[in-house]
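Form predicted alone, single chain, as C-alpha cells, below.
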Amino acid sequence: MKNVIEIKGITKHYKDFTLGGVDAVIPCGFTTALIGVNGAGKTTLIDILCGVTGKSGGEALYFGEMRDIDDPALRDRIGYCSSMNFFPPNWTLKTIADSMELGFDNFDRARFTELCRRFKLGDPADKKQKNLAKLSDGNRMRTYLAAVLSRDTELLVLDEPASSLDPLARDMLCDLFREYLAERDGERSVLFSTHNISDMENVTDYAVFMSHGKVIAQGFVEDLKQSYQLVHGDAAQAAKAKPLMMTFSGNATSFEGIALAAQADKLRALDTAVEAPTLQQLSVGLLRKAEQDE
C-alpha cells in the first residue's frame, strides 16, 4: 500500500498546548478522516502539513519522496482548504475565480462555475454578487470547497469542511469526494478533519483518532470495526461486564459501551449483545476512553 503522507514524529509546542510527537500515515487512493474533539490538535497538524504554520520537530514525507512543503511543485499537487477566512471577506465569486486563475495553473474556471451552480451559489460571471462577508457560514464553506475542488490536484486536505454545512450539503460533499477519487482511480487522496463523523461516515475509508495532541488509534475503518465491539445489555449484568469494557455508561435498566474484540466471548457469556460498532460509536468510545485516561 502506498502512502500519500507519512508523518514521522511531528511536534509543535505552544505555551498551553503540545502537539505530538505524531506518527501517522495517510494512505493513497482513499478518504482519511482525522477525528478528535475540539482542541485535539487536528487543525494544528493540518496547518503544519500544508505549510500554514511551522513545526517544532519531526518531518512529513509526501508522495513517497517529497519533504519540503514550501516546494511550489509539491504545493501544486495539494488542494488545501481551511474552515475559517480562507479568502478575504470582501471578495466575490468573480474575485475568487480571478485570483485562483492567477495563482494556480491547474485551476479550471469552468469547473469553478459548474461547482458554484451545483452548490447554488450563483454564477461567478454575474455582475451583481454578494461578497463573502454577507454569506452564511454554510455558503462561505461551499465557496471555499468550490474553489479548491476546481484545481487539478492529487491530494485534498480540508479542515472541518462539513462543520457549517447542512445535511444536504454534507451529502453533496461526500459525492464530490467520491467523484474526485474516481476521476483518477487510486492516484488521488482526501484528508479531512472532523469532530463529528456521523454524516461523513459512509465516505470514510481510513481514520486517524487524535486526543490531547496525540494519535490514539488509526487504521482502515473496516479493520477498526473488527478490533472493537459495541456492547449493550441489562443492568443485572453490568457489574460483571464493566471490567471487560473500555468505556461504560449505564442506568437502572441497561448499559452500553465499547470493548476490545478479544473480550467478545466473555461478554457474550454474560448474555450481553455484542456487535460491530459504527464509526461514530467507535469514535465516541475511543475519545471518551482517551479523556478518562488523561
Partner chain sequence: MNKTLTLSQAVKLYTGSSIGRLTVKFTGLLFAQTCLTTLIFAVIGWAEGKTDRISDFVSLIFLVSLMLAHMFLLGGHLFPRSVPGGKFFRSTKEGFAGYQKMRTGVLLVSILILVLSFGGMYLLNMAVPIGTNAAAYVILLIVSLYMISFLNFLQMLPNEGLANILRITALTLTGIFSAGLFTVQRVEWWHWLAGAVALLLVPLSHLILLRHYRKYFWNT
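Numbering follows the first chain given and starts at 1. Only a predicted model underlies this, so the values are computations on that prediction, with no experimental measurement involved.
Although it is not shown, the form predicted in complex with the partner chain is what the next lines describe.
When the partner chain is considered in the model of the complex, only one residue from 39, 51, 57, 64 comes within 4.5 Å through any heavy atom, namely 51.
Note on contacts: among 100, 121, 217, 197, the single residue with a heavy atom within 4.5 Å of the partner chain in the model of the complex is 100. Remark: of stretches 228-236, 242-250, 42-50, 264-272, the one touching the partner chain in the model of the complex is 42-50 (heavy atom within 4.5 Å).
For the chain shown alone, residue 136 is not a contact residue for the partner chain in the model of the complex, no non-hydrogen atom being within 4.5 angstroms. Contact check for residue 114: no non-hydrogen atom falls within 4.5 Å of the partner chain in the model of the complex. Though the partner is left out of this view, residue 129 does not reach within 4.5 Å of the partner chain in the model of the complex, counting heavy atoms only. Contact annotation: residue 166 falls outside 4.5 Å of the partner chain in the model of the complex, judged by heavy atom distances. Contact annotation for 64-85: residues with any non-hydrogen atom within 4.5 angstroms of the partner chain in the model of the complex are 70, 72, 75, 76, 80, 82, 85, listed in sequence order.
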